[in-house]
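Let's start with one chain on its own, the form predicted on its own, as structure tokens.
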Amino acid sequence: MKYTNKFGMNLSKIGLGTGRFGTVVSEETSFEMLDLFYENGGNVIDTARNYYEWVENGRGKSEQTIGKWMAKRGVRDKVYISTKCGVRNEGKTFYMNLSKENLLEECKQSLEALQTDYIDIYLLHRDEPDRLVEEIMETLQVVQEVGKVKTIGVCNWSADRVKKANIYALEHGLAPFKIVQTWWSIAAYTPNMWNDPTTTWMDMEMYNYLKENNLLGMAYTSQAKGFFQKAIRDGYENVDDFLKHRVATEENLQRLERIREYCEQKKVSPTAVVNGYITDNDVEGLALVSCSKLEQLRDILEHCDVSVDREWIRQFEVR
């Protein structure tokens, strides 16, 4: 496992996404995945208050599952929990609320569900563009105290809003955002990948901002839904049509061939290359991986130590 020492935390550069834990993925399988991840050196576990809240009793279920696992295994002080707040959703309709009252209430709910008295990484899950960043940053200082939050950040915010928020924070002696979670993978982004205007992807402005300020980028959907691995392992013709619709642009098909050539030349797995694009990037990156089957997670962990040539990575420019 690769690690990065950021903000007083020695974080594994592979983080486990747990959106389906406790709902689509049973508690038993969730525990098995958490065990496997932890036993192989993983220590960053990513969740959110609103994951799968559109299913019956889904809200907070991922956090509850993680909380039960940590309590049963006695590992709270050995893992870093990243959770997110400020959003309610029905399917893909999102309702953002970054008011002080709501964020304080959600923080308390997360602490209870996770069976902990502190949060390592607390992220605003979506932006609320009509709310002033000045108000948001002032609110977060109070939330940090209540939740004993080590580090704050955002998910699905534009670079412009992050910059404005951090300028205000630094000018007023407040804690700034240090972590940005966004769609980021070796695949060139296309709107079809998510079809959700409230999400963001790693564009050049954000990339340069993180790099220049030595901030951490957390990459969700870092595997590009497994497109490259499936195309190389099973043959492009056997990749399902929905995945092709999402990812298979002319540019990404060209990237597929470059990845295939690199794998053959270096004798490495495409999984190692896809993850290495994030974990060996010029920007300090942490790849979040979400799996529904143990064998998928085993494949990721088996190849997570492989280093990918940084010069080779630079050919896949962020736009």
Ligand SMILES: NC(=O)c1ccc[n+]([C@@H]2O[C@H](COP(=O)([O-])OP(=O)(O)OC[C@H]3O[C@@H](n4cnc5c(N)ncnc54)[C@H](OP(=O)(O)O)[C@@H]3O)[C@@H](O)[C@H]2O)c1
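Numbers for residues come from their place in the sequence shown, where the first is 1. Note that the structure is a prediction, hence the values are computed from the model and not measured.
Although it is not shown, the form predicted in complex with the ligand is what the next lines describe.
- The single contact residue among Thr279, Thr271, Asn252, Thr65, judged by any heavy atom lying within 4.5 Å of the ligand in the predicted complex, is Thr271.
- At the 4.5 Å threshold, heavy atoms of Ser26 stay clear of the ligand in the predicted complex, well away from it.
- Put simply, Ala224 is close to the ligand in the predicted complex: some heavy atom of it is within 4.5 Å.
- Within this chain, Tyr220 lines the site of the ligand in the predicted complex, having a heavy atom no more than 4.5 Å away.
- In the predicted complex, the ligand lies farther than 4.5 Å from every heavy atom of Arg258.
- The stretch among 284 to 292, 33 to 41, 260 to 268, 66 to 74 whose residues place heavy atoms within 4.5 Å of the ligand in the predicted complex is 284 to 292.
- Although the ligand is not shown here, in the predicted complex the stretch 124 to 139 places heavy atoms of His125, Arg126 within 4.5 Å of it, in sequence order.
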